[in-house]
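Two versions of one and the same chain are coming, encoded as structure tokens; call them structure 1 and structure 2.
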Structure 1
Amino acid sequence: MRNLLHDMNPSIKFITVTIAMLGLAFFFNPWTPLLFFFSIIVLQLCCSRMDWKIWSLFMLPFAFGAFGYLWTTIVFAAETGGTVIWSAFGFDVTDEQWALALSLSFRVLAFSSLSLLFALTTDPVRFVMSLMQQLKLSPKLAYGVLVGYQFLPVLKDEFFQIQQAHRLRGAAVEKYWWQRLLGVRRIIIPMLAGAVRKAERAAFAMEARGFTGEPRKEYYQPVSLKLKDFGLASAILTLVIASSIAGAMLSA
């Protein structure tokens, strides 16, 4: 039960999440995204081994963003109709404004929790393999992404090496953000030079092992597509529909 979301076919999960996001975008009342946000949390509570510490850490910036939306919509909103429900420090907050502000910030929460659901329960390698097997992504592209993924730790290491080297040369003037940005550009150039060489070597190594980019016929670990994947997908979509209906009713 608690592995359900992790074991779900990544392509199906990806499609489901995309549809859910598009669906949510059509509802402008505050209740729909709020209800959906909570139902996603409940879903994760019972169907995943979510590490809630990591989840909260990722959620934190989104929560700030949501609050930012709330605040700016209230303070800087264009004059709208509706009755004034609250006024303080010279601001008059109308009920329409308040509803719009809540709707925007709950949307941020709903979308981000959905993205995190996908990101934190999906193994990137399995995702790419599934895209290739179920959605017929070209193997050239798929293995290209996988090679890139293998290079990430090496690139991270190089980034710090170069940063240290530049600091030693007194090049890292990091007083203003634009200077830091300029500094990053200087670090990226040697990294790119190395990455081009690495990419060519990796391509040769793959080709020498018989990789041609043709669609493959056999898989060692086929990413399965089972009935329960569709079950879970419809569960998520049901949540979208249920929270839309409930949201529409509550705000009517």
Structure 2
Amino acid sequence: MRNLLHDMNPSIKFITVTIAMLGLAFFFNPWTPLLFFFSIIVLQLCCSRMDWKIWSLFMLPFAFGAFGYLWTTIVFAAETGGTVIWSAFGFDVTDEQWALALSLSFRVLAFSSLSLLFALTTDPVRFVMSLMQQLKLSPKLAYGVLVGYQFLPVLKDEFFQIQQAHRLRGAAVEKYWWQRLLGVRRIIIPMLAGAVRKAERAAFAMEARGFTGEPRKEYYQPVSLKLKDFGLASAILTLVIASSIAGAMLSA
């Protein structure tokens, strides 16, 4: 039960999340995105092995962004009429302004919760393989993305190695941020040269193993479609519909 979202077909999950986001964009009452946000949290509690500490760290900037939408919409919103519900620091806030501000803020939370659901329960390699098998993504693009993804940890290690090598050779340690920013070019140029060499070796290795970029019918790691994938997709879309109906009733 706790592995359902992790085992869900990535392509189906991607399409479902996209449809859910597009559907939420058409509702402007504050209740629909708020209800959907809590529904997604409950779904993750029941159907995923989410590390909630990591989830909270990723959610923190989105929460600040939601508060920024709330504040700027209240302070800088155009006159929309409505009944004044409270005043502070010379600003009159109407019920329509307050509803619009809450709607934008809760929409940020709803979209970010969906994005984190996809990002934290989807293996990147399996996602690319699923795009290639189910959505017929070009193998040239798919394997290029996979090779680039595998190089990311190597680039991070090379950055620190080159930085330490400069310090061992007596390079001065910059004190100010602008000095460190200008000093990055001494590290970036060798990294770019090394990246070009790695790309050439990777291309030669793929050609030597018979990679031509042509579509394939058989895969070493097939990503299959199962009935539970469509069941989870239906559950997420049902949450969108239920949240929209409940939000409309609460806003009436």
Partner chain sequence: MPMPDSIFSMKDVSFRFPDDVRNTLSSLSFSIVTGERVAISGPSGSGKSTLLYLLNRLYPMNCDGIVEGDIHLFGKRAESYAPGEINHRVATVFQDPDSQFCMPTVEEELAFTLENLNTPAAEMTEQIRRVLESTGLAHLRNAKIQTLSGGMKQRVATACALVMDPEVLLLDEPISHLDPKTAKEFIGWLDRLQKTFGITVIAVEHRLDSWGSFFDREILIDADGAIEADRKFIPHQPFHYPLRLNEVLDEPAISATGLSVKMGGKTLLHPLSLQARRGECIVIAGPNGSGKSTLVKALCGIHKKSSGTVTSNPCGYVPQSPEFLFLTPTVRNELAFSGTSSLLQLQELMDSLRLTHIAAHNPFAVSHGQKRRVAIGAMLADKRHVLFLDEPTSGQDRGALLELFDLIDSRLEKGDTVFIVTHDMEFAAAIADGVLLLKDGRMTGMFPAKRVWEDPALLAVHHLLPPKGAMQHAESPA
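All of these numbers come straight from a predicted model, not from anything done at the bench. We call the rigid core whatever largest set of C-alpha positions still superposes within 1.5 Å between the two forms. Just so we're on the same page, residue numbers count up from 1 along structure 1's sequence.
**Student:** Two forms of the same chain here; which is the form predicted alone?
**Tutor:** The chain shown second - structure 2 - is the form that fits the description.
**Student:** Angle of the smaller rigid domain relative to the larger one between structure 1 and structure 2, in °, please.
**Tutor:** Smaller part versus larger part, rotation angle: 21 degrees.
**Student:** Just grab the Cα shift of Ala193 between structure 1 and structure 2 for me, core aligned, in angstrom.
**Tutor:** It moves 3.9 Å at the C-alpha.
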